[in-house]
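Starting off, we have a lone chain in the form predicted alone, written out as structure tokens.
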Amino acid sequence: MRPDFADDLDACRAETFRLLARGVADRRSAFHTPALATVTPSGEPRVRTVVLRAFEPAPRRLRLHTDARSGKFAELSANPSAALHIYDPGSQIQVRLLGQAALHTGDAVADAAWQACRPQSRLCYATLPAPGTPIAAPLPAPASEAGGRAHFAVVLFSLDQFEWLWLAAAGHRRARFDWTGADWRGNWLAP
């Protein structure tokens, strides 16, 4: 049976936003762990999996967390343009999101996100040495979150454009949505 969103641009957008909201709430959802793409200062692409912590449709904003010592933090500091990619095999939907990242460390945004973090998540930011540092052997997990807050950062991703693709034997559907400054404008694309 063909879902309602298959032939309706507004329904495609609504379904995308529903899946993003579900990704925040449901740790088993494919939308919980998108891939974040950045560009290094030398122009090389980098992609890694992140956790979607919040989605606010009206301000077009997604929230991610990172370590301020990480490569992605440095890359987004140098070039805030970024992309997120998500594929959900259950719904056969792929979403590619383009936007700008704003970084928050020692401010109210970061403080509120830190307070909302589960204790076990806070441990990740207490790891020494910094992420990506060569080490001789695997490290044990930190026993305490002490020092972790100093390394914790929030990435607020402002959504400017996204592409939606639904794969179906009866005919794929693909659409692009652009923020016009007041609303979303959708167009069908050849799959």
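When you see a residue number, it is the position in the sequence shown, counting from 1. Source: prediction; values computed, not measured.
There is also a form predicted in complex with a small molecule; it is not shown, and the following applies to it.
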Given 84 to 92, 70 to 78, 111 to 119, 98 to 106, the stretch touching the small molecule in the model of the complex at heavy atoms within 4.5 Å is 70 to 78
Considering only heavy atoms, tell me if Thr40 and the small molecule come within 4.5 Å of each other in the model of the complex.
no
Taking 4.5 angstroms as the cut-off for heavy atoms, does Val50 touch the small molecule in the model of the complex?
yes
I'd like to know if Ser29 sits close to the small molecule in the model of the complex, meaning any non-hydrogen atom pair within 4.5 angstroms.
no
Using the partner position in the model of the complex, report whether His65 sits within 4.5 Å of the small molecule, counting heavy atoms only.
yes
From the list Thr33, Ser158, Thr127, Gln161, which entry has a heavy atom within 4.5 Å of the small molecule in the model of the complex?
Thr33
